[in-house]
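The chain below stands alone and is given in structure tokens; this is the form predicted on its own.
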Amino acid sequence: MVDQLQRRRSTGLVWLFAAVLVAFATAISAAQPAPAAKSNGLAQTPPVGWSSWNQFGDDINEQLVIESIDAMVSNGMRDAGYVYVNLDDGWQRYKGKRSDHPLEFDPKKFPRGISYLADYAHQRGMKLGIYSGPGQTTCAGYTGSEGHEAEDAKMFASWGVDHLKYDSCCSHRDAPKDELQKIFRTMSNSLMAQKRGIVLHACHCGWGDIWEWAAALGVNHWRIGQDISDDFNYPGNREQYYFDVLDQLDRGVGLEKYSGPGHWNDYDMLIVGLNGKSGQLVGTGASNIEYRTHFSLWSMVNSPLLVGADVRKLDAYSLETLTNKEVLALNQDPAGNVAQKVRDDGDLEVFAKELEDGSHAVLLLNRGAATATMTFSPRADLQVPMDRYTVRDLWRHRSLGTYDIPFTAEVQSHEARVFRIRQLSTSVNGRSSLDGPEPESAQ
């Protein structure tokens, strides 16, 4: 009997010890961070460049691409950071199902082939992008990549391609998530199997909550909404297919946590410079102020900046907007923090984010129809105990002085004013003076 009791006691101790080990292992496991997103190591900052679709649709050819590259070199866009030159739909030779046709470039449109254009871009310090889709056909009816993902990825890499827009044409809207994930996982794995790094852009209209899972598949940027229209705030757009600038902006509120180095929320292409003359988008165009606001917002939320206009014919104002290096720096900041809406007073909104050097970018947006006076407080809006701080206006390229009180600015209708603020030492008594009167708003 004593032996039996001892054996039972020993057995109980063993089970107790095992239970403790399991609990300890579980606690250690729970303390570990979630698995990192699958990464190809690319797009550590959002891609910046040009895409052919919005202006030209499938009417593209070798001469257009070469002229666009040359224009971006000569007008300063390349040196400002616009290095991607992306061919959208229409480079393919055949229309029709992949089961009926191979995927080849159109020899009439591109007589020297895609690899020639890639070499041309690379020799000028730029990158070349291309387009395909996971269906038998693409959005414009050309041959797609379905069932040939590994073959096509190998071909793109052999051509020297640097970026792939993989467009589902917003199909599979109601498909299960695992089906959607399989579509993009297959191409992502095929690209990663190549020796050449190729940025992957998943275009799926933001359906299926793509932002929740795309990064884990190795996707570098993904569309969070439907196609953008050439409008700033067009009534009724959201009820139809196209989203205007403010629709896209609102769509991204709350999705900031999914975006970061190597994986970005994509608010769709820039409409700056289209001026209501897009060959593919609906809309009557926006004002210069609205286009500049659009560019400011996309820079603050770290959307890829892909110009959709004809870069060979940009007007001076559009070119000045697109090449503002102080605003571009917000988009390309290595920290990768996405601006969040920190205050919403109806038509007056404040967006802000911290930058790598500890300074903050602040955007004051006036969605209303009349000029408004807006105020920003680091303590109230950022929850940062910033007693003294400097303010720099990034569109006027001017330092506005030192503040120890909330900062106030006049903001025109549909304008966004963008500032960079830096904390200084503890405040002194009294109001700090400015370094001069603030100039009138840029037109």
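In this text, residue numbers run from 1 along the sequence as written. These numbers were taken from a predicted model, which means no experiment stands behind them.
Beyond the structure shown, there is the form predicted together with beta-D-galactopyranose, which is absent from this document and is the topic of what follows.
> Can you say which of 88 to 96, 73 to 81, 351 to 359, 248 to 256 gets within 4.5 Å of beta-D-galactopyranose in the model of the complex, counting heavy atoms only?
Of the stretches listed, the one contacting the partner is 88 to 96.
> Please state whether all three residues W50, H221 and Y267 have a non-hydrogen atom within 4.5 angstroms of beta-D-galactopyranose in the model of the complex.
The answer is no; none of W50, H221 and Y267 reaches beta-D-galactopyranose.
> Only one of A335, A329, A175, C169 gets a heavy atom within 4.5 Å of beta-D-galactopyranose in the model of the complex. Which one?
So the residue touching beta-D-galactopyranose in the model of the complex, by this definition, is C169.
> Name the residue from Y291, F156, Y131, W298 that puts a heavy atom within 4.5 Å of beta-D-galactopyranose in the model of the complex.
It is Y131 that has a heavy atom within 4.5 Å of the partner.
> Quick check on L319: any heavy atom within 4.5 Å of beta-D-galactopyranose in the model of the complex?
No.
> Though only this chain appears here, would K165 touch beta-D-galactopyranose in the model of the complex if you measure heavy atom gaps against 4.5 Å?
Output for K165 is yes: heavy atoms within 4.5 Å of beta-D-galactopyranose.
> Even though the partner isn't displayed, in the model of the complex is D227 close enough to beta-D-galactopyranose, meaning a heavy atom within 4.5 Å?
Yes, D227 is a contact residue.
> Residue-level question: is A150 within 4.5 Å of beta-D-galactopyranose in the model of the complex, judged on heavy atoms?
Heavy-atom contact with beta-D-galactopyranose at 4.5 Å: absent for A150.
> Using a 4.5 Å cut-off on heavy atoms, which residues of 129 to 145 contact beta-D-galactopyranose in the model of the complex?
Going through 129 to 145 in order - heavy atoms within 4.5 Å of beta-D-galactopyranose in the model of the complex - the hits are Y131, C139, A140.
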